[in-house]
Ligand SMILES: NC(=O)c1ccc[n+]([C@@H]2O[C@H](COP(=O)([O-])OP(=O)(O)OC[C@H]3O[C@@H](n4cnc5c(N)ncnc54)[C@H](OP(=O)(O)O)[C@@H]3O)[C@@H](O)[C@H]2O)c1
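Here we start with a single chain on its own, the form predicted alone, put down as structure tokens.
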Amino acid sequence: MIVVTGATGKVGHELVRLLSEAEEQVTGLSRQPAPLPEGVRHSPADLAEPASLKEAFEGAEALFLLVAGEDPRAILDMAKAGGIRRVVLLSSQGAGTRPQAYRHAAAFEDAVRGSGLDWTILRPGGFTSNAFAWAEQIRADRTVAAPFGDVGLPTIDPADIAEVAAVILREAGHAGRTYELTGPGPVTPRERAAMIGEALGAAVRFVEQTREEARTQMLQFMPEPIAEGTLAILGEPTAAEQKVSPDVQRILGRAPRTFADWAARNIAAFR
């Protein structure tokens, strides 16, 4: 049995589908119920309340873990008590490049490494799906507003993260490793807006926000340290944050999907 936390999220939902199609026994864990593939058990539980995880973990062998909740060691202790011996943590690139800003993710990584379980850590960069935040603007007036319009980052498709996680959860040879997950090359916000426009068959105008405008917007839905860390990555990325990692290619045997691929698959959200 494999337990997938965040089973209704961008990565988790796709991971549940892939594991189910591979005929694995899967428990999808989320706070609220949602449609899952036939044969997948749903367990209503909350990582913020480790005691609620007992039923989901009982009899499982592997765990796909999000950075959520405040007590990773209690979560991992509950996992071990349920029989789990292997954990794949979905962390963040920022835990390695900016650990002070991404202390939460770094704390989960430390807990996983010290858990006594076989562990693998995934550190994705920015998600291509973050462009969903532009959907309302694009639907309304074919406009995108974002900061740092000409700074490129190798954002990754969540479907690739899910596929990597599915391989690691099902195959041996990944214990004790940390994988950096990126797309195939840096793409700027201006270029991403143009690619969405191309998929739409209509021009999308790009409007560059100031840093302060973007910060004000981000603080509506994320804590200040994360907002500041995100803005630093978006505006002044380090060489490590702009580097294209070979890890997706090594694990999947193919290049990671491009932003244009993601836009074409998800264009209905922008119409």
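For clarity, every value in this text was computed on a predicted model and none was experimentally measured. The numbering used is simple: start at 1 and walk along the sequence shown.
The same protein also has a form predicted together with the named molecule, omitted here; what follows describes it.
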In terms of non-hydrogen atoms within 4.5 angstroms, which of the given stretches 31 to 39, 200 to 208, 239 to 247, 54 to 62 touches the named molecule in the predicted bound form? 31 to 39
In the predicted bound form, does residue 124 come within 4.5 Å of the named molecule, counting heavy atoms only? yes
Contact label in the predicted bound form: residue 68 to the named molecule, heavy atom within 4.5 Å: yes
Any non-hydrogen atom of residue 48 within 4.5 angstroms of the named molecule in the predicted bound form: yes
Residue-level question: is residue 266 within 4.5 Å of the named molecule in the predicted bound form, judged on heavy atoms? no
Looking at 144, 164, 90, 87, which has any heavy atom no more than 4.5 Å from the named molecule in the predicted bound form? 90
